[in-house]
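Starting off, we have a lone chain in the form predicted alone, written out as structure tokens.
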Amino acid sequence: MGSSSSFWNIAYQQAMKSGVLVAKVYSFLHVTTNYLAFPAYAFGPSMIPTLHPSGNVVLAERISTRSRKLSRGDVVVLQSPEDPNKTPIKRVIGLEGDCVSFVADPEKSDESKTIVVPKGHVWVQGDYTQNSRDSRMFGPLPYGLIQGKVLWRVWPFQDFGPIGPTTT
């Protein structure tokens, strides 16, 4: 009878240790991905030549966006204002108060428009403007839709490295 209770005692202790370890790992991942950094997948032609159209895995940090410390040229992950389930990656072209001139539809005409980016918003565009859905279509982007600033490309491995801001 004594060996049966010691078996369950040991099994209980092992289960508790495993449960605590799982809880610690989950907590670490939760804090890391929600408050510090997260991986994002980018595909499509809108960011050629910075990102490959066949797909990239990038690492983005959340601290800059939460403190609103973005700069012109930063590459950001955003929640699409047109489809909340999509998270495109674009480049910041203008900050609040900036005058931004752009060609609304480069395939149809050369007519340019100018807009002042309102407070609490940024202007984002893809690097390959002929094939990008960006602020030219949906207007200035609220800071609240920016999920993170892209720091590193981690896949494909041959292009592993930092993605820095580019002045435009």
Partner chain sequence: MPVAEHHILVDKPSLDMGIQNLIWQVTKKAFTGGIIGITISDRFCSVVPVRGDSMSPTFNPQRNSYLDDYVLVEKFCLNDYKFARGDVVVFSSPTHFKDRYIKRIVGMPGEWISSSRDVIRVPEGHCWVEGDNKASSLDSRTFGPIPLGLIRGRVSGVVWPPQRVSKIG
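Here the structure is a predicted model, which is why all the values come from computation and not from measurement. Numbering follows the first chain given and starts at 1.
Beyond the structure shown, there is the form predicted in complex with the partner chain, which is absent from this document and is the topic of what follows.
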| item | value |
| --- | --- |
| In the model of the complex, the residue from 55, 45, 120, 39 that sits within 4.5 Å of the partner chain by heavy atoms | 120 |
| Heavy atom distance at most 4.5 Å to the partner chain in the model of the complex, all of 50, 112 and 164 | no |
| Residue contact check: residue 17 to the partner chain in the model of the complex, 4.5 Å heavy atom | no |
| Contact flag, residue 84 vs the partner chain in the model of the complex, heavy atom cut 4.5 Å | yes |
| 4.5 Å heavy atom contact, residue 128 to the partner chain in the model of the complex | no |
| Contact of residue 102 with the partner chain in the model of the complex (heavy atom, 4.5 Å) | no |
| Interface residues of 29-65 toward the partner chain, as seen in the model of the complex [heavy atoms, 4.5 Å] | 30, 31, 35, 65 |
